[in-house]
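A single chain comes next, written as structure tokens; it is the form predicted alone.
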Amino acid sequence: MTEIKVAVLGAAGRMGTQTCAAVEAAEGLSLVAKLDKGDPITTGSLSGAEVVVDFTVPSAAEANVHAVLDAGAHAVVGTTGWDDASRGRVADHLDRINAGRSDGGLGVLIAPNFGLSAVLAMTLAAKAARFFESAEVIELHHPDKVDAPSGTARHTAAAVSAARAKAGLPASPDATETGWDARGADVDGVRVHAVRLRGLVAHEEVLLGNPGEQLVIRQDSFDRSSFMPGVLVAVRAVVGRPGLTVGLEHVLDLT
């Protein structure tokens, strides 16, 4: 079996270190390059990598992906903080590069969360949301996280909102007139609350309510090792998915 050659950006960070170890231990994968802040991203520095995994910071991730594509490699992105505009620029870049290729083209897979339990929770929340009058999201992370709300929470809220809109549901009832800053961020009409607390890793609750009943979907990641199975799934999948994919659920047959 031909091994997939993998490089890791942000290799010295918490997630990068775990990713390097997971790739080295995985069957059918070969770690060929470890890059960190200040290292150039070129065909040479990537050492022939076919797939590059980015676990850096939001301010660098988009430029990193463009550099990876220019070097002729697929990208798996775990860095959060992406918005529609940045995803659109990557998609346009992919289209331009792939237009001149005859091998099916390069792929970029951006995953707000690689935890399998988190992906399942997000998928279940979207499926359940159309049956409930109210929906809110609470995300809880360690205080070293630089973006809020988390990419996972934004992805969850967007999926919940889309499901509610498709079902023809109105906005969640809310009589608030003052103190809107206490109501959390508005993500596509769904309120999202961010907690930053020492001792936490990554956690999310989706609260769905009707008169007289409530459904709470809770997901907990207690250790970063829990993300590694999803990272490996993404690395193996992206080589066969030209273009832009947002969300690991699309390669887990959950949609």
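In this text, residue numbers run from 1 along the sequence as written. Just so it is clear, the model here is predicted, and its values are computed rather than measured. Between two forms, the rigid core is the largest collection of C-alphas that superpose within 1.5 Å.
One more form of this protein should be noted, the form predicted in complex with another copy of the chain, which is absent from this view; the next part is about it.
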Heavy atom of residue 219 within 4.5 Å of another copy of the chain in the predicted complex: yes
Any non-hydrogen atom of residue 66 within 4.5 angstroms of another copy of the chain in the predicted complex: no
is_contact(residue 215, another copy of the chain) in the predicted complex, heavy atom dist at most 4.5 Å: yes
Another copy of the chain contact in the predicted complex: residue 40, any heavy atom under 4.5 Å: no
Candidate from 72, 104, 143, 88 lying within 4.5 Å of another copy of the chain in the predicted complex - any heavy atom: 143
Whether 175, 197 and 229 all lie within 4.5 angstroms of another copy of the chain in the predicted complex by heavy atom: yes
Stretch from 74-82, 90-98, 104-112, 131-139 whose residues place a heavy atom within 4.5 Å of another copy of the chain in the predicted complex: 131-139
Heavy atom contacts to another copy of the chain in the predicted complex at 4.5 Å, residues of 180-214 in sequence order: 181, 182, 183, 184, 185, 192, 193, 194, 195, 196, 197, 198, 199, 200, 207, 208, 209, 210, 211, 212, 213, 214
CA of residue 82, rigid core aligned, shift of 2 Å or more between this form and the one not shown: no
Large Cα shift (2 Å or above) at residue 204 between this form and the one not shown, core-fitted: yes
